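Below you'll find only one chain, the form predicted on its own, shown as C-alpha cells.
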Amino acid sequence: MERIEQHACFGGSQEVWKHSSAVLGCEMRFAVYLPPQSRLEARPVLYWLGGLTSSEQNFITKSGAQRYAAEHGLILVAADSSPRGAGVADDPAYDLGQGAGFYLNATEEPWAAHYRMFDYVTAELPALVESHFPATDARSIAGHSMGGHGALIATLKRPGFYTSTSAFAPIVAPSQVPWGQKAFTAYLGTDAKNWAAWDACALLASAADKVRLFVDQGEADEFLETQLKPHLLHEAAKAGGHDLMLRTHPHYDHSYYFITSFIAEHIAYHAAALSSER
C-alpha cells in the first residue's frame, strides 16, 4: 500500500491510500480517517459506500463526517464505487461501468473480470484495514444512493458481519427501477431470477435473521419516485418483521447538502451500536 494523501483534521488524520487489489485485478484507492483516539488504542470502523459517479473523495470532502468521527472515536473508511483503470471495462454513460459498480459481483462479460465490488468491500478491504491500521474487528456500514443499496445488501448477505447499518436515499429495489435494471442486465445477465440475490427488498423477504436498518430520505429528492421507492423497503421490512427506522425529511434533495445535514446523527447511531460491542 502507498499513502498518497495525508491531512490533519479534527485532531486526527485524513488519509488516502492506493493498493493493488487481488479481487478486482486493478489499482484501487480508499480514504481512511484516523481519529485522535486511534493513537492510543484500536478503534471500530464505519465503512462508507458512495453513489453513482463517486470516488473516495466525495464523502471525505463534502460530508463533514470527520468532526463527528473524532468526537466518537470512529475510524471512517470510504471506498471507491467501482474498479478503475485503462484495462477495466467501462461505458460512456454515468450509470454503468467505472463509477457505477453497484457493489455486486458481475457474472457477464466484459464486466466479470474486474467488477467484484461486493467481495472487495466486504472482504478484501476490511481485511486490509484491520491489518494495516489501529482498527478492531467491530465494523458498521453506511452509504448513499447506489452506496445505500450496497450497504443494505452487504448487511443482508453477510449476517453478523456489521454491527449496524444506515443509508441516505438508498436504491432499495434495483430490480424494479431503471438504474438497477440497466446495471443488473449488464452485470448479471437478462435472467431477472438472478437479480434477487442483489436486491435489498428481495433479500429482506428471505432473510432468516432479523435486521435493524436506519434510512433517511429527502422528500424533495428528484429520484424519489422513479429510482428509490423507499416505500418498497418499508413494505418488505414490515412483511419480514425487520426493524426499519425510515425517516423522511421535507425539502431535502439527493445531494450532499442532505447528507451533511444528518451525518452527525448517523455517526452517533453507529457509535452507540459499536460501543455496545466493546
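A residue's number is simply how far along the shown sequence it sits, counting from 1. All figures in this text were calculated on a predicted structure; none of them were measured in a lab.
Unshown form predicted together with another copy of the chain; subsequent notes refer to it.
Which one, 65-73, 209-217, 46-54, 239-247, holds residues whose non-hydrogen atoms are within 4.5 Å of another copy of the chain in the predicted complex?
Selected range: 65-73.
Another copy of the chain in the predicted complex: contacted by all of 2, 38 and 275, heavy atom 4.5 Å
Checked in the predicted complex: no contact with another copy of the chain for any of the three.
Out of 233, 228, 28, 60, which one falls within 4.5 Å of another copy of the chain in the predicted complex, going by heavy atoms?
Going through each option in turn, the one that passes is 60.
4.5 Å heavy atom contact, residue 23 and another copy of the chain in the predicted complex
Because no heavy atom of residue 23 falls inside 4.5 Å of another copy of the chain in the predicted complex, the answer is no.
Quick check on residue 269: any heavy atom within 4.5 Å of another copy of the chain in the predicted complex?
No.
Spell out, yes or no, whether the shortest heavy atom distance between residue 252 and another copy of the chain in the predicted complex is within 4.5 Å.
It does: once another copy of the chain is placed as it appears in the predicted complex, residue 252 has a heavy atom within 4.5 Å of it.
Residues in 7-21 close to another copy of the chain in the predicted complex, defined by a heavy atom within 4.5 Å, in order
7, 8, 9, 10, 11, 14, in sequence order.
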